[in-house]
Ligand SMILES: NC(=O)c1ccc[n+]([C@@H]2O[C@H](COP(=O)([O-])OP(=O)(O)OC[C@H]3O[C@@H](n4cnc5c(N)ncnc54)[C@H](OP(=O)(O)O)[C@@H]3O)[C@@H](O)[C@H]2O)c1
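Below you'll find only one chain, the form predicted on its own, shown as structure tokens.
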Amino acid sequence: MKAVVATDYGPPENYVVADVAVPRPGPGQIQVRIAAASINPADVVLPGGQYREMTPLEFPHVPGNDFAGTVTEVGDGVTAFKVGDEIFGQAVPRVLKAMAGATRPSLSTGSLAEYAVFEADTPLLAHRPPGLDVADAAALATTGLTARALFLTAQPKAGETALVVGATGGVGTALVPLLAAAGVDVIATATAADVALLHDLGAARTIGYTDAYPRGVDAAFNLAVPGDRLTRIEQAVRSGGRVLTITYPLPAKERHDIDLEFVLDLDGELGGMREVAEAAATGALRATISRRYTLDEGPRACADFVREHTTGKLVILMRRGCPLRT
């Protein structure tokens, strides 16, 4: 089969599309023919070598966490899925098992490939609703899961104000509509080119990345700034307010009159991929895709993710005949 492959540590410009062996499922696992996959930071950070001491890779390494596709084989003991099921979800490389969910970790052989193997017993895989196409499903896996976790942790109330830093990314473009639908007054950071999109998603106001943040907001969501650089964001929040962040390194709170929480729900305790599917089917979660690529263009997609400003998600479509739109 064809797959995007990192042959050694280095930048995504070094990735290639190569023929590798088709992975086969063992007990409790499923094989999936991948229809679409989206790009995430781990797809470039791990092969980039930043964490090689903690999580050394074996090469060739196939990146890819998010996917949508069709079950083609099931291992012994699998009851949740059968051959022919259309599914989608999120799974991290097996090298990250120690950092994945504590109870039923979602692991895979890498979704930037024609086929991948996944653990079947995890809340991070689900059947794909008929009305959700494969590209949107792949784009919403991690972003939808994270946006829901942030929203449910924050428990926002109608009439509150929220600052969303990193609103144009995959998580931000999924989170802003959730907040707006709850009656929250959303202030979103954006480039000039993304202002119209953010207003369409429900933001009441946008500010530039270097503009002064407003003061006195009820909640701030950090989706982009490193976790040890949150001073400006904390200063934007009123006394008694809250900051929610998803970036590493783990943050240290500077103000003691606010709540600061790092949100990561790999066990699906706040709802897994089934809940993402339900929210997507009702339109509560929306996928924003800025560019689509073929599998042969996979290395370029990974390089674009690093080198260019990305609005929403970058999606790779594996099958011939899948529509490519920009």
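Remember, it's a predicted structure, so these values are computed and weren't measured experimentally. So that there is no doubt, residue numbering starts at 1 and follows the sequence shown.
If you look for the form predicted in complex with this ligand, you will not find it shown, but the lines that follow are about it.
> Would you kindly say which of A80, A181, A204, I246 lies with a heavy atom within 4.5 Å of this ligand in the predicted complex?
It is I246 that has a heavy atom within 4.5 Å of the partner.
> Of V165, A219, V186, L112, which one comes within 4.5 Å of this ligand in the predicted complex, counting heavy atoms only?
Going through each option in turn, the one that passes is V165.
> Can you pick the stretch from 281-289, 52-60, 255-263, 28-36 whose heavy atoms fall within 4.5 Å of this ligand in the predicted complex?
Of the options, only 255-263 has residues within 4.5 Å of the partner.
> Using a 4.5 Å heavy atom cut-off, state whether G271 contacts this ligand in the predicted complex.
So G271 does not count as contacting this ligand.
> Under a 4.5 Å heavy atom criterion, is R24 part of the interface with this ligand in the predicted complex?
It does not: once this ligand is placed as it appears in the predicted complex, R24 has no heavy atom within 4.5 Å of it.
> Is T146 close enough to touch this ligand in the predicted complex, meaning at least one heavy atom pair within 4.5 Å?
Yes, contact at 4.5 Å.
> Given that this ligand is not shown alongside this chain, does L152 nevertheless sit within 4.5 Å of it in the predicted complex, heavy atom to heavy atom?
No - in the predicted complex, heavy atoms of L152 and this ligand never come within 4.5 Å of each other.
> If the criterion is a non-hydrogen atom within 4.5 angstroms, does every one of V20, G69 and E73 touch this ligand in the predicted complex?
Heavy-atom distance to this ligand in the predicted complex: none of the three under 4.5 Å.
> Go through 17-35 residue by residue and record those having a heavy atom within 4.5 Å of this ligand in the predicted complex; state none if no residue qualifies.
Nothing in the stretch sits within 4.5 Å of the partner.
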